[in-house]
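Laid out below as structure tokens are two forms of one and the same protein chain, each shown alone and named structure 1 and structure 2.
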Structure 1
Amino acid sequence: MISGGVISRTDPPGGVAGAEAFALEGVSKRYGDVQALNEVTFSVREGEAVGYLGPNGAGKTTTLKLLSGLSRPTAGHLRLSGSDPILERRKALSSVGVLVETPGTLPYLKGSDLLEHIARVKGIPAKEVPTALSRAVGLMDVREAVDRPMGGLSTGQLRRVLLAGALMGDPHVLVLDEPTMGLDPAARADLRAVLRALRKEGRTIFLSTHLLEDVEAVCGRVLFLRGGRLQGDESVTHGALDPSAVLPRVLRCRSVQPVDLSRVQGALPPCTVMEVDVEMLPDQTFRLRFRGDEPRQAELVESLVRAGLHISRAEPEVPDLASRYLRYVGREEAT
């Protein structure tokens, strides 16, 4: 449910909710005259994989900076694993691994040098570093790549090494900014498979990207951001998460006999249907666009059957992710 940039929800789709991984409550961030985030509220449960979609300038990078401890909110509060990242910085951020979009790397350094440096920054005790490095490298399958200078790695290998860096210290939460950026289709598919495997391990993944395919392949839930405000919070495959919401629906029906527009309109209760399209297709398909819940949907189907239309199939059409993105966010040049 959305109200003034605040979206409230209950359990993640497809499973029982775990403990809270992180949460934003009324978070705003201003840079001078620019309001980058405006009273953003949402929470992510442990084990969820959540996509974060929006055009350039929507506030995605600002959100990731707040979650990774690189910036402080102007207003509102953040919680990471129950800790305040400002007052309890080390405790809160110990559970978070971050991959930024365009990290700077020194081409003459080996990947293992980078991972050891990340281990020191994260405060991993020296005697535990070899084990932590071996685990992260094994998860990302980059045992050979980390022994080579990073300047000689392919884009896919480098992204895997950087993601291994995010996994140092075995964080529960992964905050990833465009993880498949610059990869060819094969390398992108490989990295998506890695992210799905991490999700199955129980990692919480927060994925900011411009690629809808990444969200569809990895995530179960998606947040839409525009102008620093949340516009939608939905299941990737099943649409709106709030079952009480009264949303526009499209009911696709198939009749066993020819139908026309007047006959369908005459079979429906008044003040219900916003628009009716009769598609004169070989399979006698037509669509009903209306606003209502499942009981109203059942009422419409019953009305059609009572009118003798002999419906053989009726199923709701869920808009694909691309069309929902355009509905919530619009085209980038328009924002």
Structure 2
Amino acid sequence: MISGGVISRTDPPGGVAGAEAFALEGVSKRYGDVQALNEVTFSVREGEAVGYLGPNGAGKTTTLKLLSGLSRPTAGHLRLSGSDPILERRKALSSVGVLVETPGTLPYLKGSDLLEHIARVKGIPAKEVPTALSRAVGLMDVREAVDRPMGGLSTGQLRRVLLAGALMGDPHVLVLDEPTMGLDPAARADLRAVLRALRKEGRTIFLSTHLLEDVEAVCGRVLFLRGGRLQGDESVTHGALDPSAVLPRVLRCRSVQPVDLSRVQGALPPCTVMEVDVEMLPDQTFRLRFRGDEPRQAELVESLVRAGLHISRAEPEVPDLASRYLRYVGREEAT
């Protein structure tokens, strides 16, 4: 159900049913005259990989800053691992790996200096630090780069060192902002593979990005944000998660016997003929385009059957992610 930027959902996609990893409840954030976030509510369960899509200025980074304790909400509540990331910072962030924006680094420090510091702050015992560091730099393939001053690293190398920092201590939740930004195609593919592997290990991934490919490659669920308001919450592959969401929908039907346009139109409920666009396809197949929720979809199929059409198959066609992005977010920049 979408109402005033609030999306509530009951079942996580893909059968994931872990405990709550983090949640936002009516969270708003205002910077002076700018309303960066407006009553955003959603939750992510453990083991989910969620993409967070929206144009520049939509409020994605603001959300991530709130989640990682870098910023305070103007209104609403956040829970990360059951704790408030501002009031109970240590508890909330102890098993979270964060990379927000592109943090500046101190050019004279080595990457290993940064990673060791992160390990110490995260409370990793001194004797386990080399192992943790080795695992993180191995995953990000920066074994040589971490021993050089960060000021001398390329953008991509630095990005991977920072990502290794986020992975220090095997965090259960990863909150990543544009993680593939600045990476070459090979490194981008490698990172997606790493994130997929982490997801398979059961880690929660929250991925804010402009790149739909990242979301398609890594995530099972996607949230759309525009103008500080949540616009949609869908499964990446199956589309709308909420059966009551009123959306443009496409239903592809196949009839057992030959069928023509007038027969299909005649089978539809009279009051909906003008609202449903029928497209005839080869092989006794036709496509219904309409705007509505899932009960409306069922109602249409039922009326076809009731009218005597022998429907052997009726399946919703899910538009690709790019189309859904444009549907929710549009082409204009958020305000």
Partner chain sequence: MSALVANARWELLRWVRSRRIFLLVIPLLAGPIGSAIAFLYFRHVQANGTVLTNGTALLLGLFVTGGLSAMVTLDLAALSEGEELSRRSHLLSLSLPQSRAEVLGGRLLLVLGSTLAIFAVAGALVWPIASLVVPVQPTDPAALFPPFHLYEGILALLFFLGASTVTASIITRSASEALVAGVLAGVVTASAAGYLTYLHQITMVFPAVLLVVGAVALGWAFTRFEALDT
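In this text, the rigid core denotes the largest set of C-alpha atoms whose superposition between the two forms falls within 1.5 Å. On a predicted model such as this, the values are computed, not experimentally measured, just so you know. Along the sequence of structure 1, residues get numbers from 1 upward.
*Asks:* Identify which of the two structures, 1 or 2, is the form predicted in complex with the partner chain.
*Replies:* Looking at both, the form predicted in complex with the partner chain is number 2.
*Asks:* Superposing on the rigid core, do we see a C-alpha displacement of 2 Å or more at Ser154 between the two structures?
*Replies:* Yes, because once the rigid core is superposed, the C-alpha of Ser154 moves 2 Å or more between the two structures.
*Asks:* For Val256, state whether the C-alpha moves by 2 Å or more between the two structures after rigid core superposition.
*Replies:* Yes, its C-alpha moves 2 Å or more.
*Asks:* Does superposing the core leave Leu309 with a CA shift of 2 Å or more between the two structures?
*Replies:* Comparing forms between the two structures, the Leu309 CA shifts at least 2 Å.
*Asks:* Once both forms are fitted on the core, what is the Cα shift for Val121 between the two structures in Å?
*Replies:* It moves 3.4 Å at the C-alpha.
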